[in-house]
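Below, in structure tokens: the form predicted on its own, a single chain.
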Amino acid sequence: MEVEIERDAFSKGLQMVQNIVEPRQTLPILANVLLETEGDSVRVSATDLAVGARVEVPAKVAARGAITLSARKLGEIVKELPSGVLSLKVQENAWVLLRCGGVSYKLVGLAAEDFPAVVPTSPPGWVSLDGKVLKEMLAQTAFAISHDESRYALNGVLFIIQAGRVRLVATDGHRLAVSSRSLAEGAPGSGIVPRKAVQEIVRVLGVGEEVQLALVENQFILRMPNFLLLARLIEGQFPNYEQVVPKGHPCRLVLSRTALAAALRRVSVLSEERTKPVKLVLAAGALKLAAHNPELGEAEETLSVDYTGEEMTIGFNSRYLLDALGALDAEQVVVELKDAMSPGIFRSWEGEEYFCVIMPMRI
């Protein structure tokens, strides 16, 4: 294998895949990236056996072949090289000579034959979606992914593709975030995409580009121009999230998202650190937020709001409220409540495409 490749393009390609490589691996080759020629490009692949990614970088190919190199060291080297063309040549015994300008490196590689394949298990049926829309939907749900490893089925985002819509759902048992959009016809399917894959998708997605999604057997696949990501779906039963959403909520609060978020941040300074509880006292035209910490003191703030319903006092984890508000773009937010012991629904005034259900706290 012998190729010439632009340093900047190569560095960008490495950055798109190298986060998938785990620092500690049971198999030494999984600490490497696979470099292989394909037409007039070099494919760069990385995998941890659960999540894999592949990117194609334009190159001048003098001799075809493949090799694997340490993802961490190769990334460090290429990052420090000057802009320009670098050459990469595989020598005997899997040694690799890398040159750029006046600097050269000889790196120890491993044979490509043992590197796990980063390809779909079967031909997928693609669904097209705007990359910006997918990034927004993930931002509206990923914060609610559970970090409790004992509840494995909650450690990802549920993707549901059906009847001209795509819906993303995440929950940690204390809150539930749902985001949905319409789309052109595509192959239906559903599956739980693991947290790591979700993080990588958010990291590589740009704006204005179309992406293609597929759910095939036990795999989630995302494809963009010159980029492919695969993830093994989480096995397990995702909760029936529709049963969690309250059906009757006679109390309705409308107010400024910015004002509510700012008041929550101010008042929660004096809330208990672990669960950050804040009490909401609702009455006609007013919302009072209060926090109390026996060791530090107490804080309260009153906002003018549009509220219909009975007077009510309810407690929430302020971090959960701020996460839900941060996922909203519209300035006006609607809070729907039933009583002090039932979950609250937080949504945008402008539409039904996103909402977050949050369980109350005893305060």
Partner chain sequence: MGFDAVHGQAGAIEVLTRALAAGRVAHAYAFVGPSGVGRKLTALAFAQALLCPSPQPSPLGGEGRVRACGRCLACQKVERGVHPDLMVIAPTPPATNPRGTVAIRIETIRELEGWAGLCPAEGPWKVFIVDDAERMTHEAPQAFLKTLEEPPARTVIILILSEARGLPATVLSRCQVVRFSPLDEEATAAILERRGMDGPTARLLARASQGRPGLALAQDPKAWAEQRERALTILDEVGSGGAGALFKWTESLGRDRAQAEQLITAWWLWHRDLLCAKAGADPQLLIHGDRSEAVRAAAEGRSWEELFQDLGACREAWRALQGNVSPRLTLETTLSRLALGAA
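Residue numbers count along the first chain shown, from 1. For clarity, every value in this text was computed on a predicted model and none was experimentally measured.
Same protein, other form: the form predicted in complex with the partner chain, not shown, and the subject of what follows.
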Taking the shortest heavy atom distance, is P194 within 4.5 Å of the partner chain in the predicted complex? yes
Considering only heavy atoms, tell me if E80 and the partner chain come within 4.5 Å of each other in the predicted complex. no
Any chance T26 has a heavy atom within 4.5 Å of the partner chain in the predicted complex? yes
Looking in the predicted complex, any heavy atom of I234 within 4.5 Å of the partner chain? yes
Heavy atoms, 4.5 Å, the partner chain in the predicted complex: which of 115 to 123, 287 to 295, 172 to 180, 128 to 136 makes the cut? Say which one. 115 to 123
Candidate site L49, Y152 and N218: all three near the partner chain in the predicted complex by heavy atom within 4.5 Å: yes
